[in-house]
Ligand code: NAD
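In the form predicted alone, a lone chain appears below as structure tokens.
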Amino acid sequence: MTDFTMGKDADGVATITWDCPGKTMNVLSIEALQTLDGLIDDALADDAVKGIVITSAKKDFAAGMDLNALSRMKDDAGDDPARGLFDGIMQMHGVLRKIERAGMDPKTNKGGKPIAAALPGTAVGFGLELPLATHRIFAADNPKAKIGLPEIMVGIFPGAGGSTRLVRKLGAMGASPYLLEGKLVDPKKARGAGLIDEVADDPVAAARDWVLGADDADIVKPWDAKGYKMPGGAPYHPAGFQTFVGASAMVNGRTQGAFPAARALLSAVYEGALVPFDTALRIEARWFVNILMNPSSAAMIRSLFLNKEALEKGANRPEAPDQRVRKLGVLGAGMMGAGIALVSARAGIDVVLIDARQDAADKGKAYTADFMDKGIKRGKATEEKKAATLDRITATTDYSALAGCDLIIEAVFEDPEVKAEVTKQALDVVGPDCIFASNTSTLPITDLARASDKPEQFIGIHFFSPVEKMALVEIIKGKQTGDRAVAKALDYVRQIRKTPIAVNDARFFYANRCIIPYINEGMRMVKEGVAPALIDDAARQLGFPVGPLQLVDETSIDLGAKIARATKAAMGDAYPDTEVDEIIFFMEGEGRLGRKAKAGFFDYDENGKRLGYWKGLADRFPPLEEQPDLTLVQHRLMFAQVLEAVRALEDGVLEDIREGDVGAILGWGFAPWSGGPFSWLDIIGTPYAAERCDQLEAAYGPRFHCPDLLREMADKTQSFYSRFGPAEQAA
């Protein structure tokens, strides 16, 4: 059975149906492209065929291209992978251009056969690039369907003609949200934006009727017609010039130059807009190859697409029966508990939200009401969905309401005694098979499990704030945590549509273990006299969403002071961050507790808007007359984190480097272009990484000491994915 099949009816309509065997969603392979090419040739050569409809036998149209096919293009090309990629991409352009020209005479634009696309549901990536090459796009009136080009989100851009066609169709300004932001919209919004042409109850029937009635003028694309002018103006037009100048400024302002795909996309669009369409396709292909040959692209695809998808599908789930949650108890209705209740109820789970006071429990439930109201205003929710979601949440002070819960998540104050007390109260009510989880961000799960008489059913489920926005959930296995508890946590995270990583118990687990050194290194540099703006800007130019000083302000300085005191008490003489304490305790003493206090490393106005760095910092920690090199600042910030990631792998906290990379990007925004800490070390090479560790240790101290694992790998010139990747582990 092939991915594409064709049937011809008595009226002269050839229907090409895409249906990848054994897959829930269509994805394009090289073999499928060749099949499609042959079917198009057949239909165009058959005098009995008047027009063609391309559709899908599945509920959706297509998810894009099989990204592994791009890797095969490289591998098959041997010593010239760039040539192999370029030839393969131009083959795709050739097939889509054949569909677009549809057999028409190159001089008169007459004699072609109309070709329409009928989309039953979601069409993204190549799943939209193929329809864009047809003459008219019909989509089902399916509000759950998504239409768009999300490639930029995984470090590439639409390289099968999507960039060139969409800019010529909508203009650079109109196309920018879909190309530069990866925006996805439902069919009606796609119709309004001009991405597709019609929304129909039966898109196949509508497409069939259209191809039977279309004439020569209906199938000539605007850019193939004489006198075509780009909407909004080409780069050499005064209006178009301003658009492209603005687009360049916007891209660099948002990405700080850290994301190669955005720059390459802009270059492909700008250069392509200066030349005829077929030349523009070659330019797009060359820039696409440029990105595919960049190690950043491979790392982003691996971490944000392949690895993320594998983890969400349960790559590291232990063998256990289905553990989906039926009824959830949440202890504590503060910001974290309220967020957990919200995402769980939205996923269709019944939630009991417990707090010590009824007004606090009610306020926690009101968090969901407020969230849904905002969604209604944006057209993303309805009053009916709001009512159904709120009906799933029971806000109460009565622990007996927890009866029947199969999972409890404790989200109370970070105090072991308080947590132990609520744990015992809940376990007195629930059944013997209930799994109990703590949402702690710092306290060891093994210690907290002592409050339970069944530590094998006790686990950590660490959400990031705000719960409803953050995609990552860190699952922490205590020393006695059993497989069923792990499976329960993983299945629950899948239910609420988030990405899990499962790590072993240790102080700060994985994410905070790496985030804290990042923050601390920024504060160390302040003490040394490095300009705060240089520190934060260096981080943003690496692709981090916020610099370490801004991050401290956002998370609150008093929280940092509390963690510092607790860590020092636990570690005693081994505590490594006394220098950092001088900064954070000084800020705490000055009452500059961060954004919530409207005073921290930044000054703020009454609405909490940042006004600039606090000048009092320079009085207490005078700036150096000669500031350090940007790269040095960036290396200090990067190595402070990646070395902790390596140590977490050494210590057995991390069991899978995929979780280390995906968790870093989703958890705290670690330089997404790099693919994560282990991917970054592979990009720069372990020999150079070890050498740089030695240089940083000599200049700044033992926190930059090269871990034994990294040293060993450097000596053997190994990479992390060649040694610890899933294929190698399975071998």
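Numbers for residues come from their place in the sequence shown, where the first is 1. Source: prediction; values computed, not measured.
Missing here is the form predicted together with the named molecule; even so, the following discussion is about that form.
If we take heavy atoms and a 4.5 Å cut-off, which stretch out of 583-591, 293-301, 462-470, 497-505 is in contact with the named molecule in the model of the complex?
The contacting stretch here is 462-470.
Please pick, from 413, 228, 575, 236, the one residue with any non-hydrogen atom lying within 4.5 angstroms of the named molecule in the model of the complex.
It is 413.
Which of these residues, 371, 399, 277, 621, gets a heavy atom within 4.5 Å of the named molecule in the model of the complex?
Exactly one residue meets the criterion: 399.
Under a 4.5 Å heavy atom criterion, is residue 337 part of the interface with the named molecule in the model of the complex?
Heavy-atom contact with the named molecule at 4.5 Å: present for residue 337.
Going by a heavy atom distance of 4.5 Å, is residue 355 a contact of the named molecule in the model of the complex?
Contact with the named molecule, yes.
Contact flag, residue 422 vs the named molecule in the model of the complex, heavy atom cut 4.5 Å
Residue 422: contacts the named molecule in the model of the complex.
Is residue 457 part of the interface with the named molecule in the model of the complex - any heavy atom within 4.5 Å?
Residue 457: no, not in contact with the named molecule in the model of the complex.
Using a 4.5 Å cut-off on heavy atoms, what residues in 431-449 are near the named molecule in the model of the complex?
Sequence-ordered list: 439, 440, 441.
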